[in-house]
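First, one chain by itself: the form predicted alone, in structure tokens.
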């Protein structure tokens, strides 16, 4: 299987990168913090770029591309820390009216294998629809019916969170097979975002290491810093292989085990995002712990995404189960 992007995919990636760099520059993060990480105008522009309708068939008004293309797009969204329930809104295209064109902002909760007890809902005040994945199917809930308490200091300042004590049953809009499939697709897209976070953290650390001088030399010339940057690059490339493999395998499930590919991607990309975020802070030294430096955004977003559609530990257990079944067979 060839993981090298085609010319069309490179053009797609470059277009999304240019858009994100233009619409979400470094200077805009404080503004996005004040708006609780959500801007309707930016959301509409993302929809016009085809972010949410990317995998929807052209016959239904979508772009008609595949999972590999989506992973490339979400890689760029992660690189620039674009906020909002991006993955959920793409998953909802074709299921929820308005999700594909951005007129309906869709968030979600993954409760497969869990209960209906207290939960944390991201971007609650900005949502038009809340999707809930349960063992028996996909449910749709009106966010206005939920009573939630805003967490005053969320982990990621661009990802506001509400503590909701209980959820109504909601309206069932798809069966258990669709819920399981959406969870799989969501994990692959989040792996793409985590890859982007790993890349963004490395870019930020590398730029700082080349410009910061200490003892009459740029700190990037010090062997210890070189080693950290090299390790960040290795983790990034491991995450790239995993994320691209997940997208390609979803497009061609006959070539390999899709669940194993997606779980492997979520593990490697999640580890790369978290560890690169931590290393980025370390490269910046004392400055890395200040809010003025972007390093903390990458680290915090990495931890937020770690908990979407299964943690590294959960996916490691999934792979172990799959391997056990194969050995027994």
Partner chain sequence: MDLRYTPEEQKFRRELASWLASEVPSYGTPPSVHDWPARRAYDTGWQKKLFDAGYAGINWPKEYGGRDATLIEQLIYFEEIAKANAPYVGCNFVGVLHGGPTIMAEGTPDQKAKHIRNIISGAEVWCQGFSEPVAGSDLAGLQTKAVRDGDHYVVNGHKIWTTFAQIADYCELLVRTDPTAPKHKGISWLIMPMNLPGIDIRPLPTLEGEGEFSEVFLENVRIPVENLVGKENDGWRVTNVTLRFERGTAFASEMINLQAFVRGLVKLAQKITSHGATAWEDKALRRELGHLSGELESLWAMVKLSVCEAKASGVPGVGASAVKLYYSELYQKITELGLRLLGRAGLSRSDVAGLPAQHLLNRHLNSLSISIAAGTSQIQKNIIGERILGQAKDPAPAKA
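Numbering follows the first chain given and starts at 1. Bear in mind the structure is a predicted one, so any value in this text is a computation, not a measurement.
A second form of this protein, the form predicted in complex with the partner chain, is not displayed here; the remarks below concern that form.
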Heavy atoms within 4.5 Å of the partner chain in the predicted complex: which stretch among 102 to 110, 200 to 208, 141 to 149, 166 to 174? 200 to 208
Give a yes or no on whether every one of 4, 218 and 221 sits within 4.5 angstroms of the partner chain in the predicted complex by heavy atom. yes
Does the partner chain get within 4.5 angstroms of any non-hydrogen atom of residue 192 in the predicted complex? no
Residue-level contact is defined here as any heavy atom of the residue lying within 4.5 Å of the partner chain in the predicted complex; does residue 97 satisfy this criterion? no
Is residue 155 close enough to the partner chain in the predicted complex to count, meaning some heavy atom within 4.5 Å? no
Since only the chain is shown here, I'm wondering whether residue 36 would be in contact with the partner chain in the predicted complex (any heavy atom pair within 4.5 Å). no
Quick check on this chain: which one of 86, 187, 121, 72 has a heavy atom within 4.5 Å of the partner chain in the predicted complex? 72
Of 300, 260, 278, 28, the only residue with a heavy atom within 4.5 Å of the partner chain in the predicted complex is 260
Could you run down 237 to 254 and flag each residue that has a heavy atom within 4.5 Å of the partner chain in the predicted complex? 237, 238, 240, 241, 242, 244, 245, 248, 249, 252, 254
